[in-house]
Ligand SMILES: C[S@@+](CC[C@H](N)C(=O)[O-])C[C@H]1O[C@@H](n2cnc3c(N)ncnc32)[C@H](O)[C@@H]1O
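Read the single chain below, which is given as structure tokens and is the form predicted on its own.
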């Protein structure tokens, strides 16, 4: 019988975009606007702490350090500025890290940026009191190694946030409509928990409905993002907008998707 880690890896592999669709894509579906992640970080820093933030804050000593794995603009770690003195951000995008450093500096924090994919750069990344990692696990085929390297970089606690289902599962009906392709439904947060338990990490979990901070200035920008994810040309924007229908929500003057169900998962670090 396959291990939980193997089932996770195999399920993620099914999300690969078919070669014939990817080859015809006029733009990369993997490029995400830095401005989107920057706006999410800005709003997260201003908002009241979320359940994930609180799990990190309760394990973070006054003046402690936090490591943000897959940091983007810093949405997972900037809310910890009220207790932290130093943030460390890891991301494979230099542009994202620039946005992270700018926001950490504006918050009066010492910050370090490490460019590269986790856990490939774990060896050059300092240990911190708390490790946070929001909405990255679905990009980690080797989840066991990914999680263990976060664990050995946390003195106190690792806090992960992830959607209960794959973050692009809300586009499955659009893949069927535009490409005739049935997309997967797994893995899920339940599958991630199985892998973490199998790795001996004793995770705890809390499910809740999370707002999506930040967003796009205009509906057109939001539609264009979805269209790129679907590997479609720009002249299909009107069709994409029509297909999305009332799936949009305007929150605090920005366009995006409605709140979504997420899991906050946490476990002890190395002590």
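Please read these numbers as outputs of a predicted model, since none were measured by experiment. Residue numbers count along the first chain shown, from 1.
The following text describes the form predicted together with the ligand, which does not appear among the structures shown.
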item: Stretch in contact, per heavy atom within 4.5 angstroms of the ligand in the predicted bound form, of 179-187, 149-157, 133-141, 78-86; value: 133-141
item: Option touching the ligand, based on a heavy atom within 4.5 Å in the predicted bound form, out of 107, 127, 164, 117; value: 117
item: Any non-hydrogen atom of residue 92 within 4.5 angstroms of the ligand in the predicted bound form; value: yes
item: Heavy atom of residue 96 within 4.5 Å of the ligand in the predicted bound form; value: yes
item: Residue 215: touches the ligand in the predicted bound form, heavy atom cutoff 4.5 angstroms; value: no
item: Proximity of residue 208 to the ligand in the predicted bound form, heavy atoms at 4.5 Å; value: no
